[in-house]
Structure formats: C-alpha cells, structure tokens
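Shown below, as structure tokens, is a lone chain in the form predicted on its own; questions about how it binds or moves come after it.
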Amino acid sequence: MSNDYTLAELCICAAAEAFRDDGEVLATGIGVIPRLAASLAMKTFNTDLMMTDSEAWMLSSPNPLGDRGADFVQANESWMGFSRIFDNVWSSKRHAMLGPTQVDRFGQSNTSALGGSYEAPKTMMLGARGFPGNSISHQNSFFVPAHSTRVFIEGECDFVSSIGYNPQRLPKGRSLDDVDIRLIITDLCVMDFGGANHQVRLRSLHPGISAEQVVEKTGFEIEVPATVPGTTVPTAEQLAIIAEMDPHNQRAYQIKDNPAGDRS
C-alpha cells in the first residue's frame, strides 16, 4: 500500500467496494468519484461488472474520463440501447451510485428541492427524474463529498426523491426487503444500513478521523460499533489504475482542497 494518496483517491477505492460482490450488473457511477469507483472495481476485483459509454455501447473496458485523444478506440462489446437499460433496471441488475443533496435516517434522499414547499421551494435542483422507480428496483449507494448536518439532516428530507427504509412511504405491495441501499461513502467515513431496524451504521473511519467527528456532523443518531476499523487505503496498483482512468486529474476537484488521504 502507498502513503502518498489523496482523500479523493481514498474515497474512490472505498466506493469501489460497493460493487465488489455485484457480479454481472450494470454499474452507473454518477459523478467523477462514483464513475472512477465503478471503473476501478471493473478493472480489478469484479471483472463481470458491466459499464456503458454513457450513450449506447456496452464496454469490455471502461472509458477514461475527459478528452481521450483522436487515436482512442473504445472497447465496444455490444449494443446497450434504452430497452436493454430498462430491462436491467427493472430486473434489479443495476447498481447506481450518486451524490444526493440530503439524506435522512431512512436513507431517503433529496435531489429535487430545498426549503419552502415543492410548488415554491427556496432552491430547485435537478429533480427526482427516474430515481423513485430506480431506487425501489435495484441497489443504490451514495457518495457525499462534504459530510455535514446539512446533508445528513435531523428530520425527513425536504423532498423525498428516492425510496429508503421508511415503512410509511413504501409503495403499495412493497416491503422493506425490496430496498437495497449498500454504502454511503463520505469525506469522513463509510457507512451502511446494517444497524438495528436498518439504522445507519458506521462501517469504517478514514485515516485521522474519529467516530466523534462523524457523530457530530450527522444530524441523526447512527450506530457506532465498539470497534470501528480504518478505511482500507489505496494500493499502488489501484492508484495507477485511477490515474489511467482519470488522466486529466478531475478527481482533484471533487472534494474541497483535495487534502491528503491520511489526516492524522
């Protein structure tokens, strides 16, 4: 392992673990760090993972981010049009990772509106789009670049854009067993929903971060095990793959000031 890594690179490696045991599912990483995480997983421990070129081709190897030059030839494997995408979504053969603006104790997320009413919000964002149906149909994970009580809020999300472990908002005929939120990766830690009654649980701490810091910056109660391991740091091989997949270093701009991965 290497000690020379950034926080963004640590988060990429931690987020890649969300895809480790997925097998042959379609990985959709929305944003630089989630996409690099899926690419890293596909090129290392889950070679069965499927990725597209973000248009209509299935790839046998993920595309690097940014300008790839005139001589680049992407590794097209098969056609992946909308009908096949929907088949993957509705059959739970997809794992999406994205960055919501709010997350509540149920794992419900908000990508739509902040403050006021939905008809007249203080801030309007991207919108729920396909997230309600996606979130009940396949597994999802979250990446949050700035862990705070503004994201992990005390009450319910201002607008619920996706399904969580809230029995009051389950669609008719559905159960909590249909909800599959794998991991939450932040700039402080990795969390999951493995606590009692799907409570958010602290899974690992990034180097130099304490459980007290995570609790202080989370607006709802989380389960803190008696012993919390450190987040596994990147290996030299992983760092080389990340650099190959991100030749223009877009990862350096995803977390404020892009500090060193070890903040002890």
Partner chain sequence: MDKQMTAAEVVGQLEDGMTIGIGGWGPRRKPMALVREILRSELQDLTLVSYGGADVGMLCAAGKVKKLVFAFVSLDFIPLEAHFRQARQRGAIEVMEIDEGMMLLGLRAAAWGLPYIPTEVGLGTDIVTRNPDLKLVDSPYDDKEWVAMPALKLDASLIHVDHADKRGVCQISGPDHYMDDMFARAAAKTYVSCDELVDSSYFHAPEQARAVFWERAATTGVVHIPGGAHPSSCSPLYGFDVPHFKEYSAAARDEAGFQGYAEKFLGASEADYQAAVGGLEAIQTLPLPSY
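Residue numbers count along the first chain shown, from 1. Remember, predicted model here, so these are calculated numbers, not experimental data.
We do not show the form predicted together with the partner chain, though everything after this point is about it.
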TODO: Just one of 197-205, 52-60, 216-224, 233-241 has residues with a heavy atom within 4.5 Å of the partner chain in the model of the complex, so point it out.
DONE: 52-60
TODO: Please run the contact check for S112 against the partner chain in the model of the complex: heavy atoms, 4.5 angstroms, yes or no?
DONE: yes
Open item on the list: Whether T123 contacts the partner chain in the model of the complex should be assessed with a 4.5 Å heavy atom distance threshold; does it?
Closed with: yes
Task: R174 within 4.5 Å of the partner chain in the model of the complex, heavy atoms - done: yes
TODO: Indicate whether the partner chain has at least one heavy atom within 4.5 Å of a heavy atom of D71 in the model of the complex.
DONE: no
Task: Residue among D158, D187, D104, D192 with a heavy atom within 4.5 Å of the partner chain in the model of the complex - done: D158
Task: Residues of stretch 28-43 in contact with the partner chain in the model of the complex (4.5 Å, non-hydrogen atom) - done: R35
